[in-house]
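The chain below stands alone and is given as structure tokens, in the form predicted alone.
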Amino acid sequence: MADLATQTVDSDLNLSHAFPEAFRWMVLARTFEDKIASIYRSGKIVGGVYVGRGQEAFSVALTSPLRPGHDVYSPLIRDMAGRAAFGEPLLEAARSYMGSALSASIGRDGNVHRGNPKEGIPTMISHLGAMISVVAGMLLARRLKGTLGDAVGATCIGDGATSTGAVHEALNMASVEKLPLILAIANNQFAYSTPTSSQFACADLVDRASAYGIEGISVDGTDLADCLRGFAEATRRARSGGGPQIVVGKLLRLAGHGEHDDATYVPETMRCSEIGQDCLLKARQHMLTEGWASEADCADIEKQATLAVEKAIATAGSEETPDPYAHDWNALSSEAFRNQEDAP
């Protein structure tokens, strides 16, 4: 498998439009997660917090060619940028983190286990490969019902997850069925604290695509333009009947595995290398260089993101949390099942 430079790029991609739009979502995601991390450190968020610092370009580029309400998208723990771009309301994200009783889970589940299946965003089960089979199943179900059309499904995993059996089983099925599945693999160099050298022996994770008889693209995960081109091409192939596509982004996680982790295992030489560059700063500079935005424009984008985040957090934080004595905790979600009388 070759890098994107040797691939055919989707001619319909208007980079001068897609890039600034993606940048806005990157800024919003970074601003939101920085705020959430701060609140977590103050002890006001229950559970873990896992931010996508350094992965925003790769995350948002996946959703850029997707069609909300038409395609399936299963985001994971570092995909705030992709979630926002695909249509997840910022308030809904804030409610999940703040444990609001008005959140999708009524404040009953972990803050990363959120979604809206009716809108094509399945709720995350696990970030260790489980969502590949879920998305593949949704696509296959649509095909069997005759409603698939040119829809595609997309999900993401990290480099560590590629070592799990769930990934192999799901990709094997998807490749045999030639499902329009796009798998984004964020090679962020560490599976928690385990370096990639202890995870796989191949030179690049994109090489694994050929083992399944599918296509793969490798992109610079710190470069928004490269990510946008890569996912545009992968999505074009999937929509046109090319079967599953793998896109591997080479980048460095610019935070710990979670906010509880100080990431001291990351060598300073890696932090200072090309792969350790901040995708958000690179995207900002690229916009200025290309003349797609001015310093004032960027400052306004950042200001608007801050205002939106402050409003969402303030609203979610003022809402009631679950009352275990007032809520109906019946495990059956269907009213039809919950209300029927016991069989004799």
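Residue numbers run from 1 along the displayed sequence. Not measured: the values here are computed from a predicted model.
The following text describes the form predicted in complex with a further copy of the same chain, which does not appear among the structures shown.
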Worksheet item: Among 233 to 241, 269 to 277, 78 to 86, 166 to 174, which stretch sits within 4.5 Å of a further copy of the same chain in the model of the complex, heavy atoms only?
Response: 166 to 174
Worksheet item: Counting only non-hydrogen atoms and a 4.5 angstroms cut-off, does E92 reach a further copy of the same chain in the model of the complex?
Response: no
Discussion item. Please tell me whether any heavy atom belonging to G213 falls inside 4.5 Å of a heavy atom of a further copy of the same chain, as the geometry stands in the model of the complex.
Written reply: yes
Discussion item. Can you work out whether D207 and a further copy of the same chain are in contact in the model of the complex, taking contact to mean some heavy atom pair no more than 4.5 Å apart?
Written reply: yes
Discussion item. Whether T162 contacts a further copy of the same chain in the model of the complex should be assessed with a 4.5 Å heavy atom distance threshold; does it?
Written reply: yes
Practice prompt. Output the sequence-ordered list of residues from 174 to 202 with at least one heavy atom within 4.5 Å of a further copy of the same chain in the model of the complex.
Written response: S175, V176, S197, S198, Q199, F200, A201, C202
